[in-house]
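Single chain ahead, by itself, as structure tokens, in the form predicted alone.
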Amino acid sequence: MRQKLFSALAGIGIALGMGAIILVLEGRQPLDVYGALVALSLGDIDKLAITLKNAVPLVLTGLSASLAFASGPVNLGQPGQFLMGALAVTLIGISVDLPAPLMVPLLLAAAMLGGALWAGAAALLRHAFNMSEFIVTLMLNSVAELFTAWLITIGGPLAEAGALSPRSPAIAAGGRLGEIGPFNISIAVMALAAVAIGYVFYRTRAGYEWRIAGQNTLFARLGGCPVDRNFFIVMLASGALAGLAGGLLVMSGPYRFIRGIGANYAWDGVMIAVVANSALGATVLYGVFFAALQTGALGMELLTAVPSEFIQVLQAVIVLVSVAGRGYLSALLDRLTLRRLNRPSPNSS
């Protein structure tokens, strides 16, 4: 885990260095550009709060993908599971009106259930017909996108009456997440979810079985691990995290299902999981870092005249450096560790 985290940090550092070279070649001042980026995303508590709120869907969809990849299943259905979680929150939120202490947990459970059921459909098809979850989850993304778009199309069954654009009615006030100071409550929910899944994955027997299956399914099966049952559980947990991301987005604003609500959050989450090499801690780190880049991009363009597309280039460089250099960094760390262990003790004669 420490090695993966080091690779994540090294990838960020190298990518920032390469970005600085690009800026110099363009006649820009890297320190001014990066300074503006940091100031606009992390410069004060209000900007930090915005960055962390923007990180919520990235971190949760990234954890969804990382959990699956590290445990064996190839779940690429985060976009669809995200939408189904958001849809579940919307359906319950416009149908039920309860006080916030009851409404919020109900909607969070609905979000996780919506994502879990959508991922569970792929797991069930894998079990019943040996269909690849890789293909099925990808196909279900399109089904979820088209289905939810039809629901909120003007005149559709979930469309808000009189609305000029495709959207649902707003959820009840009791289900809307407010702020604690400048920080939206969705940030706390994200942190609790990350801690909970990290504890299960690294500190429990079930998590150990998941990690073993992710490294070698045959070894796990021969060792007595219930591989098929764990496959179902991991798919459900992975889908629940993606669904939670969609639900939190609705609950923290815009409080309704709108066209394009999924944006690229889920695919960015998958990219983050790949860059983090499926390490949960590194996934959280990269999720916050990418959120900071995206949050500060527009203001950076206004202050420094550097196009916001530079951030997309920087993200691409981070992906390339982190993935391509992963093997080299791991080998370098192994050599340094061996050299340290083989170093003669100062007290030896």
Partner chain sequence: MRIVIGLLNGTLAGATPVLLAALGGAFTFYAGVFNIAMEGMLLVGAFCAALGSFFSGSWLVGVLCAVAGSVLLSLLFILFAIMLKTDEFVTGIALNLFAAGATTYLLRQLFGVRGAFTDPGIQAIPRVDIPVVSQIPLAGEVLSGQNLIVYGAALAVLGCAWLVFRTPFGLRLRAAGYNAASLESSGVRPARVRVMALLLCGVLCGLGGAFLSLGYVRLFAEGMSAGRGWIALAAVILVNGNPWGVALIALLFGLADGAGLLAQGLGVPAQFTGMLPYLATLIALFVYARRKQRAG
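Residue numbers count along the first chain shown, from 1. Computed from a predicted structure; not experimentally measured.
One more form of this protein, predicted in complex with the partner chain, exists but is not displayed; see below.
Although the partner is absent from the chain shown here, 267, 270 and 301 each have a heavy atom within 4.5 Å of the partner chain in the predicted complex. Note on contacts: among 150, 199, 208, 219, the single residue with a heavy atom within 4.5 Å of the partner chain in the predicted complex is 150.
Residue in contact with the partner chain in the predicted complex (any heavy atom within 4.5 Å), chosen from 45, 316, 39, 31: 316. You can rule out all but one of 210-218, 250-258, 86-94, 126-134: in the predicted complex, only 126-134 has residues with a heavy atom within 4.5 Å of the partner chain. Within 4.5 Å of any heavy atom of the partner chain in the predicted complex lies no heavy atom of residue 195. Within this chain, residue 74 lines the site of the partner chain in the predicted complex, having a heavy atom no more than 4.5 Å away.
By the criterion of a heavy atom within 4.5 Å, residue 138 is counted among the residues contacting the partner chain in the predicted complex. When contacts are judged by a 4.5 Å heavy atom cut-off, residue 310 counts as touching the partner chain in the predicted complex.
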